[in-house]
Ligand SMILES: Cc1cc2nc3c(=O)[nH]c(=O)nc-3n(C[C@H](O)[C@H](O)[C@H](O)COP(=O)(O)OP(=O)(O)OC[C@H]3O[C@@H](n4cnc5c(N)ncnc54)[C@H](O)[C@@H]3O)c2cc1C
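What follows is a single chain, given as structure tokens, in the form predicted on its own.
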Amino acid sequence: MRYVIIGAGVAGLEAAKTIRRHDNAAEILMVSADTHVHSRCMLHKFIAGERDEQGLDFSEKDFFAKYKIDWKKGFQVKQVCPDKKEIQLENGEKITYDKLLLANGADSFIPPVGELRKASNVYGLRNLSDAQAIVKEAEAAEDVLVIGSGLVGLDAAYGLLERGKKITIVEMADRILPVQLDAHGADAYQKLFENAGVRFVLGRKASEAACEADGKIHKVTLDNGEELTCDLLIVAAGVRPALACLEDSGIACERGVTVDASMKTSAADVYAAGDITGLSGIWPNAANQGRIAGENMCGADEKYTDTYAIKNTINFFGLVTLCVGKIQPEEGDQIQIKEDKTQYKRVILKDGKVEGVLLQGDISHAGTWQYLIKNKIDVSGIQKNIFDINFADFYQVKENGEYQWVC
């Protein structure tokens, strides 16, 4: 049996490890454009010069040898052909498979604004190769313009601050981290970045950007006519699942590759896991998707159900924030807040159940909140401050043969 895995991220590695546990004699081949296993969460430390390529590797020591995995690294997959049960590489090589896992992640999205997609000094920040290119470009750059103030944009800025660069961040929303935080939580980080020398331009977006004679963009015009000079541009405008190799494959895709609860695609013997699916892209979920895909590729019948919550951990300048579940409240939601000089906490409730929590400064008891959200436990009967809730407030009852926590 030959298992082929496209991608060397956490989903692919977890799948490979799972397959080897089930089948010691199988051939496992991993193909990736990446040449190093690396954590995207740590790319800002590479940009800052705090870690090298090896320092970003999250895998076990001698992972590929230990699990007897052949890794064909530095090769881009051009086409997946389920009818032939083969994949074709950019260099023309064809690789056959018995079972295939699509775990090649997502790509940075560069919006079609002016000549952003054409210029040689414009980068996304998704992979180690992006970080390597940014570091090289930064050697001769002084003014850095970051478009987008989500986690990726702030990661890039945070890393380049360590290199002494002048940084301006443009964000079309009225606050930074608009997807992850509320205005109060975001303001705490904005002040920290501003104290470090970063300038923010909020409520604006780029409208014009033209290459000059050197093939680079040195000026970006905003929608209000303001002009910002730059030597290096980093675009953090989101990502798109890496679906290019699936064109004409017949594999069903919507926002990402369509999968069922077994992580199986519409094509026989083809599975998908991680960012390419468009499901929750956080690290633990991608790892779990890879594990479940690996189990089912070996004949098991496991289901992926971890779609209950978004979870983000943010840490800049020593200020830690954890968000679990619903981030932005909706009409009819109840919001409770606790704040002092050391912490800010916000809970979103609906019909007596916790749907989201934001913890900033003090993220203790995060496991309790995560359990409440995941299991949709009604807390309306607890006669105490919601921020004082702990597992001692609950007891177990047996329903349909399974134990459940209730208050």
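Keep in mind the model is a prediction, meaning the values are calculated, not measured. Quick note: we count residues from 1 along the sequence shown, nothing fancier.
Unshown form predicted together with the named molecule; subsequent notes refer to it.
Does the named molecule get within 4.5 angstroms of any non-hydrogen atom of residue 6 in the model of the complex?
Answer yes; at least one heavy atom of residue 6 falls within 4.5 Å of the named molecule in the model of the complex.
Would residue 159 count as touching the named molecule in the model of the complex under a 4.5 Å heavy atom rule?
Taking the distances in the model of the complex, the answer for residue 159 is no, it never comes within 4.5 Å of the named molecule.
is_contact(residue 31, the named molecule) in the model of the complex, heavy atom dist at most 4.5 Å
Output for residue 31 is yes: heavy atoms within 4.5 Å of the named molecule.
Although the named molecule is absent from this view, report whether residue 11 comes within 4.5 Å of it in the model of the complex, heavy atoms only.
Looking in the model of the complex, residue contacts with the named molecule include residue 11, since a heavy atom lies within 4.5 Å.
Heavy atoms within 4.5 Å of the named molecule in the model of the complex: which of the stretches 174-182, 248-256, 123-131, 298-306 has them?
Of the stretches listed, the one contacting the partner is 123-131.
Among 77, 267, 116, 186, which has at least one heavy atom within 4.5 Å of the named molecule in the model of the complex?
The option sitting close enough to the partner is 77.
Consider the chain as shown here, without its partner, and state which of 225, 318, 284, 112 has a heavy atom within 4.5 Å of the named molecule in the model of the complex.
Only one option qualifies, and that one is 284.
Those residues of 92-106 which, in the model of the complex, come within 4.5 Å of the named molecule by heavy atom
In sequence order, 103, 104, 105, 106 come within 4.5 Å of the partner.
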